[in-house]
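Below sits a lone chain in structure tokens, taken as the form predicted on its own.
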């Protein structure tokens, strides 16, 4: 029976790279687990769930047999919502999980009861990635996490958020990217490597003041380990559902550990260099700002009569600083570069949108200078193109799982503490009740009748509430400067006879477009790439 059940699991769940002998061993282990379960009787009743519809389940495997098929989770959940309703439940192995597919319930989870649903589940792969939850995105909601998040937010401000420093960093990479893209001549090429290098360079400069040229060995190392982590962490599959399976040989898990080791060696070296050269002046980069903020927060928490043990338990450590730097790469590179590549793919499908953006740029910026953040208010249509790109192809179609930190409710249905909650952003961003022709790329949906920007309440590309993306303002700044600069300086078209990009994408850690080729031509006055 279990062999049949395992064969019905989605490929994303069983992609463990195990040899056949170990797969047999897993089946035997699951069979023994099932026998123990049958002898010991059924588990304790599930917490009260009101009338939330739930997929069927079986011992050990839960609802996994009903999640069969080749569709990725965001599409599968959207299909299931048509049958079970916008809020339904399932069992990922033993884990009772609610799936939210509409914006009313999502806003309840993220905003109205955001503090009650701000927890994170502990998973094998993310614990490895974050040294047991010493980051921001995957860490559970605790007083220490709140202090850590506040430190990161303050560090962005201390380093220069809202000033020209971040803009200067991004524009430097923009110039390099434009020069590289324009060097391709009139042949078709894949823009993905150049875009990823440029965004990686932004993060390297932002985090530890290193700016690299194309082909630099350390930049290649950063890109290799980051790509390795992205490619392997999504294959956690069964080991995140059944943590005891980590005792079995697992090529993906081994590869993930190797990439993390490379990452940590590089970032630890940068951290030690920064600690040795830290001065009382303005921070040079994010690592400086984090180290200064960490020291200030420790001083602020010390009070007469406080015990050293309490201080030791609560303080932010070097590991937190290191994992914040690591997360800047994991979250900052992949999401921004992928969003840019999706938007370029859609512009190839809709050249009239590209022409309209360029007309707006010509009228309100011109060709005599580079675009700056101050131009954003004068470029509403370009801003809408970015929003539409994030809507139609959300890079995180299902948000990182939330957990209920206390007994609560969603839509009037009771939710017990510890329940996992998945927010299906794809379904929310493609809901025909709120988006006219949701599968059509239409930036005008973010403009009102008078041409002013509008932000529908069901548009949540960065999440919302206590768990909203801490790097949202930086990401928006990057997307604006990269896209406006590219379209100011060059035009993109398909190679002769080439089909337009495939828009289905492939799902790993993020939803990425499949590779496609472009031909880039300089616009008048920008033949040199920069001014």
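Positions refer to the first chain, counted from 1. In this text the structure is predicted, and so the values were computed from the model without any measurement.
The next section is about a form of this same protein that is not shown, the form predicted in complex with a small molecule.
Among residues of the shown chain, residue 138 is one whose heavy atoms approach the small molecule to within 4.5 Å in the predicted bound form. Residue contact with the small molecule in the predicted bound form: residue 510 places a heavy atom within 4.5 Å of it.
In the predicted bound form, the small molecule sits within 4.5 Å of a heavy atom belonging to residue 330.
Proximity of residue 182 to the small molecule in the predicted bound form falls outside the 4.5 Å heavy atom cutoff.
With the partner omitted here, the stretch from 224-232, 351-359, 379-387, 100-108 that lies within 4.5 Å of the small molecule by heavy atoms in the predicted bound form is 224-232. In the predicted bound form, every residue of the candidate spot (129, 334 and 396) has a heavy atom lying within 4.5 Å of the small molecule. In terms of contact with the small molecule in the predicted bound form, the residue from 266, 400, 123, 278 that brings a heavy atom within 4.5 Å is 400.
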